[in-house]
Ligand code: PMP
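One chain comes next, on its own, written as structure tokens: the form predicted alone.
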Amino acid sequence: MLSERMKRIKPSGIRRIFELMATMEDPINFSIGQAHYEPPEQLVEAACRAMRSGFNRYTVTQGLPELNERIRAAVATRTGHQPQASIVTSGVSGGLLLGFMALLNPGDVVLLPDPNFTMYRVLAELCGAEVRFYDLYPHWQPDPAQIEELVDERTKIVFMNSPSNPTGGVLSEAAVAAVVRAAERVGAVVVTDEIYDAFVYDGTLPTPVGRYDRVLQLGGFSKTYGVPGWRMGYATGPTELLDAMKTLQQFTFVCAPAPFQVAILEAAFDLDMSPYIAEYRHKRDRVVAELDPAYQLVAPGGSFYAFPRIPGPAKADDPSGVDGAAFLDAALEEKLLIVPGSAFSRRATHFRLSFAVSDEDLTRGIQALNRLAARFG
């Protein structure tokens, strides 16, 4: 009954954690992929006013013109480059689907980082593309020589995600330049997922925007403002590509949710989110300072994730891995929910934790992890 493409898709390991959480009493949830704070009241009130004022019908497919203007202006302020075009998407996930469908033919090559967010590979394969991986281990930076080696005339997309889900890594200026240089050599498109652009803790965020004329930037409001359920994302880039994505949106998502477009336009751009970011910087610093050295943690430069290595000696039959299953079972005994690294990577040596939790839960989680380090290290 089901299509052949469905045989290539397995349920998300992250969603399985959510289902498991529902069966546990008072879990320590380090698996969550969203900010733990509620959205600012001004934003909530703006959404309520929009709904009460009748903004409950379709907008134009590409999103409110005034909102797109503000998006392009905000991107220009951050990057120093004014994008040619933009559309409002149903989250970054919607932008990913539209971008991949607009760009990829069967047999095209998509170059993805490893580790990476699980959706990237699945959507590329649904479009019939071949996926190749460039390695970010162990410090969450690519090897420019490897990227150059992997890119060829079949390469259509070179993908980057910075700050990263799951590692928290922020690509360096040199790494971004290497990605752009490799893509430009063969005329590929650089697709950059920058949904965590507000969560940068050390310096500024290097971006390919403005460095090359074939860059599709994906961003949004979900993580920064605590509204992932609103499904408010955007895409910027070349007019030809954005027009194609707009056409596809007509036959898929139709438009992003109208009242939330109005609310973002009215309230989001003038909100000061720096106190929230400062709070998360403090949480990041605690994880780095207090987590046992057995985890060999590379300090995350952004997002609200860390990607520690599972402690303990490598398995005899797999020198690159450790006994991750036993470690994850022990974490569940501690009522600690984390996501196995195999959900994001070809390796099973690490796990993802989210520090987007209360300070109380952060303390409980770090204590549980340190008990596990003493047991497995």
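Just so we're clear, the structure is a prediction, and the values are computed from it rather than from any experiment. Don't overthink the numbering: it's just position in the shown sequence, from 1.
There is also a form predicted in complex with this ligand; it is not shown, and the following applies to it.
Relative to this ligand in the predicted complex, residues 115, 134 and 192 are all farther than 4.5 Å at every heavy atom. Although the partner is absent here, residue 196 sits close enough that one of its heavy atoms falls within 4.5 Å of this ligand in the predicted complex. In the predicted complex, no heavy atom of residue 71 sits within 4.5 Å of this ligand. Taking the partner from elsewhere, residue 92 is found to have a heavy atom lying within 4.5 Å of this ligand in the predicted complex. In the predicted complex, at least one heavy atom of residue 222 sits within 4.5 Å of this ligand.
Of the residues given (260, 280, 120, 295), 120 alone sits with a heavy atom within 4.5 Å of this ligand in the predicted complex. Note on the partner interface in the predicted complex: the residue among 231, 246, 214, 156 having a heavy atom within 4.5 angstroms of this ligand is 231.
Here the chain stands by itself, but in the predicted complex one stretch of 282-290, 161-169, 77-85, 203-211, 161-169, has heavy atoms within 4.5 Å of this ligand.
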